[in-house]
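Shown next as C-alpha cells: one chain only, the form predicted alone.
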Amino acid sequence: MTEVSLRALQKLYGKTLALKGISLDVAHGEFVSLLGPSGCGKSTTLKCIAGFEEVSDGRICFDNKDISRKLPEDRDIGMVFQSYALFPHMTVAQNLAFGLEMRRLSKSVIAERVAKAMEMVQLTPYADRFPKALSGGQQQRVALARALVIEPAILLLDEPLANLDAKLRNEMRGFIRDLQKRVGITTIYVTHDQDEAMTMSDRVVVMFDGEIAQAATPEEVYDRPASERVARFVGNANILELPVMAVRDRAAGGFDLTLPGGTPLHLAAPAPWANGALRVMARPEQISLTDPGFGQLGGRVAKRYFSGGHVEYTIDTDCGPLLVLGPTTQAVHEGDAVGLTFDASRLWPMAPESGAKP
C-alpha cells in the first residue's frame, strides 16, 4: 500500500489556472473520492497523479518520493477510465494479460495472475469472450481486473460508472468498494455523483474552481459542511437566517435563535463568528411535519412529490420555502397548513463564504 501526497499542486492551461495550489494526503489503503461539478479540477487532479498531465508547479509524492516528473508507466498505478478502454479484438483473458506481457513476466506467472484476477471479479466463465459480448457491468469488471492484475501501488478511477444505468450503478458501487477493501489498495476516485462519493468513500474531497473546499468523512461533509456552497452541493440543504436572541457559549455551542413569530430555537453547534444573526443549515430529513399550530414554525404545503421510500414536500414559510422529507404514511396534501419541528441537535451554522467574521 502507498501513501499519496499532493503539495501546492498547480496546473495551467495557457493562462487558465485549473488547479490553484491544492494540497492533499491520501493514507495507505484509503478510498478517497474527488467530488465536484464539471470543470472543478477533479479529473485534472487525477490526470496529474497518473502522469497524463504535466504539473505546472508543486509536487506529487508516493511514499514521500517525488514522482512529479516521472512517466505514467513508471508510477506503478492502475487506471480505470469512464470508457473502460478495453481492447475489442482481445478476449477477457487477453485483455487482462496484456499489461503483464508488457512487463515481460513469465507465461506461468501471467496465467496465474489472470486466473486470480478473473476469479476476484467473478468473470472466470467469460475468459474467452470478447468485450462486445459482455454487458456494461461485466466490461466494467474487466476494466477493474485489468487495472488490478498488474498489482499496482495505487488505483485511480475516473468516473467509471457514468455509462451504466441506475440499477447497475448501484450494484457496481458496492462491488468496487468491497473489492477495494479486500485488496487494500490506495484508491482515488473521481465522480460528480454525490451518492457515489458518500456511499463508497473513507473521505470525500469536495472541489470548486480548482480548489479544495472540504476534505472529510462523508458524515462530516454532509452533517458539518465547511461552507454554504458545500452544503448545497452535497445533498439538499435548507438555509435559514435567524436572529440571535442570546449567546451562552460561542466556542462550545450555545445560541438561542428566534424563529418567525418569536419561537426560540437552540443551536448547540459552535459558531464563533455569530453576530446578531446566524445562517444555519437544516437538512430536509431533520425537519418533521406536525399538525398546524403545534410546531416551532408554521407553513403551507406548496408541492408534494412521492419518491418511493419517502415524500418530498416544499413548505412555504416565513423563512422562505423549505424542503422536508416525510413518511409515505403521513396524510399531508398540497395546500394543507402544517407545523414544522426542527431537530435542533443537528442544525449546523454556516460560516461566512468570504471567511471574514461579521
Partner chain sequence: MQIATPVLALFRVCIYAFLLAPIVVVVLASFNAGNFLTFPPQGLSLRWFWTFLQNDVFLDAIAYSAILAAASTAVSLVIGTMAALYFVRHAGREAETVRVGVLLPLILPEILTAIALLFFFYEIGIGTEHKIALFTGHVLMTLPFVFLNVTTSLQGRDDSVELAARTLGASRYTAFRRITLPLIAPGLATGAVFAFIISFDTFGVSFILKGTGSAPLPIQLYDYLRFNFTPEAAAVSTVSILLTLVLVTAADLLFGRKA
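In this text, all values refer to a predicted model and were calculated from it rather than measured experimentally. Residue numbers count along the first chain shown, from 1.
Missing here is the form predicted in complex with its partner chain; even so, the following discussion is about that form.
A.B. asks: Quick one: is I77 in contact with its partner chain in the model of the complex, heavy atoms, 4.5 Å cut-off?
C.D. replies: It does: once its partner chain is placed as it appears in the model of the complex, I77 has a heavy atom within 4.5 Å of it.
A.B. asks: Does its partner chain come within 4.5 Å of any heavy atom of E101 in the model of the complex?
C.D. replies: The answer is yes: E101 has a heavy atom within 4.5 Å of its partner chain.
A.B. asks: How about A85: is it within 4.5 Å of its partner chain in the model of the complex, going by heavy atoms?
C.D. replies: Answer yes; at least one heavy atom of A85 falls within 4.5 Å of its partner chain in the model of the complex.
A.B. asks: Is E73 close to its partner chain in the model of the complex, meaning a heavy atom pair under 4.5 Å apart or at it?
C.D. replies: Yes, E73 is a contact residue.
A.B. asks: Tell me whether Y13, F62 and R69, taken together, all sit within 4.5 Å of its partner chain in the model of the complex, counting heavy atoms only.
C.D. replies: No, the candidate spot makes no contact with its partner chain.
A.B. asks: Looking at M120, M90, A162, A111 here, can you tell me which has any non-hydrogen atom within 4.5 angstroms of its partner chain in the model of the complex?
C.D. replies: That would be M90.
A.B. asks: State the residue from F208, W273, F175, F81 whose non-hydrogen atoms include one within 4.5 Å of its partner chain in the model of the complex.
C.D. replies: Looking at the other structure, the residue within range turns out to be F81.
A.B. asks: So if I measure heavy atom distances to its partner chain in the model of the complex, which of the stretches 261 to 269, 217 to 225, 146 to 154, 284 to 292 falls within 4.5 Å?
C.D. replies: In short, 146 to 154.
A.B. asks: Using a 4.5 Å cut-off on heavy atoms, what residues in 274 to 289 are near its partner chain in the model of the complex?
C.D. replies: Heavy-atom contacts within 4.5 Å come from no residue here.
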